[in-house]
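Before any questions on binding or motion, here is one chain by itself as structure tokens, the form predicted alone.
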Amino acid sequence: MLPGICRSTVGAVRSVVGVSRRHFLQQSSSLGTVAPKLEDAVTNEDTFAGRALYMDAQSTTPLDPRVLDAMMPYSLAYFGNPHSRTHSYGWESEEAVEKARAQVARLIGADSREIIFTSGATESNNISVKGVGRFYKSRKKHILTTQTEHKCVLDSCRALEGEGFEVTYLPVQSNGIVDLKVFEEAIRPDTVLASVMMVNNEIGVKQPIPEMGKICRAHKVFLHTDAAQAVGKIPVDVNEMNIDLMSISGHKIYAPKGIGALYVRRRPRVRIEALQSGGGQERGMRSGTLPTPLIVGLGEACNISQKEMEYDHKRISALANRLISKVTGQISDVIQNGDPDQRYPGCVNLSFAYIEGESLLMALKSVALSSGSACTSASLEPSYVLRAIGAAEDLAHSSIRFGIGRFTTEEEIDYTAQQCISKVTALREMSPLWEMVQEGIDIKEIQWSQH
């Protein structure tokens, strides 16, 4: 039974955000998370006031109210250090941490002893790439990765190159997927690790991880996958897929920010050189006091995702198809980036020819969208992921990523599509390139002169 202060606080939280998904959606309009009424938006779109509706689920997801309910007792009443072994405060927190560890493990088909808690996928990726590379550097000094990995993986590989490692950055095909034949041919006798993202964070394509796992196992190479955009959204089984290390992020699956996990296989054993020194927590791989409330939140988020994955995937697929059909049905020259079939449906990346993506983002001020990864969106350079799949520079500049999540509604999809159609049409009417195309001029044949 919860102490009085904890019960009253949890009750207050429930009354604000609700417990069930339906209640959350009903209440969220007062919090500014649901789209304005469509008829109001159409007549009053230039004087939009209030918070924009959220369509950037690949960047982050809102905290599920049920996750917050699970976390609250460990923020207020059960505040003990989980590493304190001499009193009940520590035992209570340790029990909660181990329960969450089991929940994370259950979601991915792992043993709970193989789960290491970290601050997020960036730290997990750093530990995997640098930790494995440095531990085995006396025998093997070659790393295999792809050109479309998250920046933290690419930067970790570059750091190892500075330490004398060789790194092969594999190209991807025009659909964003790695050619398995090219992947296998790139493996060398001194290859220690292959790191391949399971679901790309910009274009949503799914890499053939099970097949890569078999290839790596046959060549005695460890396989690491950044599964931040995959875990909790698509079925993942580390044993069936022959995955040796896997990175997980909490805030991508409706858990709090600042918490993640790293799966490290025990048999065959994967050895890691720790990146930070300390008390030797988490099997010596990640020292530091564990944040019990955040870990409890991650565990509950994994528990919810396991129960509702099939329902969420079906619903999000329908919403994604609805968005794509509405936009492409009303606007010409729209390109969907990435493989149309081997992809996670909640990540829709579209390029709108003859306009700038940044201009469209500014015009769509009532919808929170992005033009690519939040980790690189501060740069005005076109996405390196889109360049890697061979997208023309003008199309790479005109791409928009639509992120659809658990709490996205049909009304929000319809509103986003309507706004997108309206703003693209208006921007193209102002575009001299669009005018040339309408007159039948092939702009690719024009020799532009510099001034």
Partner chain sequence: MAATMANATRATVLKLYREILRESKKFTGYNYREYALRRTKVAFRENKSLTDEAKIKALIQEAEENLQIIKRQVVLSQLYKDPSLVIEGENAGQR
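Every value quoted in this text rests on a predicted model; they were computed, and no experiment measured them. Positions refer to the first chain, counted from 1.
The form predicted in complex with the partner chain is left out here; the points below concern that form.
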| property | result |
| --- | --- |
| In the model of the complex, Arg401 touching the partner chain (heavy atom, 4.5 Å) | no |
| 4.5 Å heavy atom contact, Ser383 and the partner chain in the model of the complex | no |
| Residue contact check: Lys181 to the partner chain in the model of the complex, 4.5 Å heavy atom | no |
| is_contact(Glu393, the partner chain) in the model of the complex, heavy atom dist at most 4.5 Å | no |
| Proximity to the partner chain in the model of the complex (heavy atom, within 4.5 Å), stretch among 197-205, 356-364, 311-319, 239-247 | 311-319 |
| Position in contact with the partner chain when the complex is considered in the model of the complex, options Arg269, His87, Lys307, Arg139, heavy atoms within 4.5 Å | Lys307 |
| Residues in 397-425 close to the partner chain in the model of the complex, defined by a heavy atom within 4.5 Å, in order | Arg406, Phe407, Thr408, Thr409, Glu411, Glu412, Tyr415 |
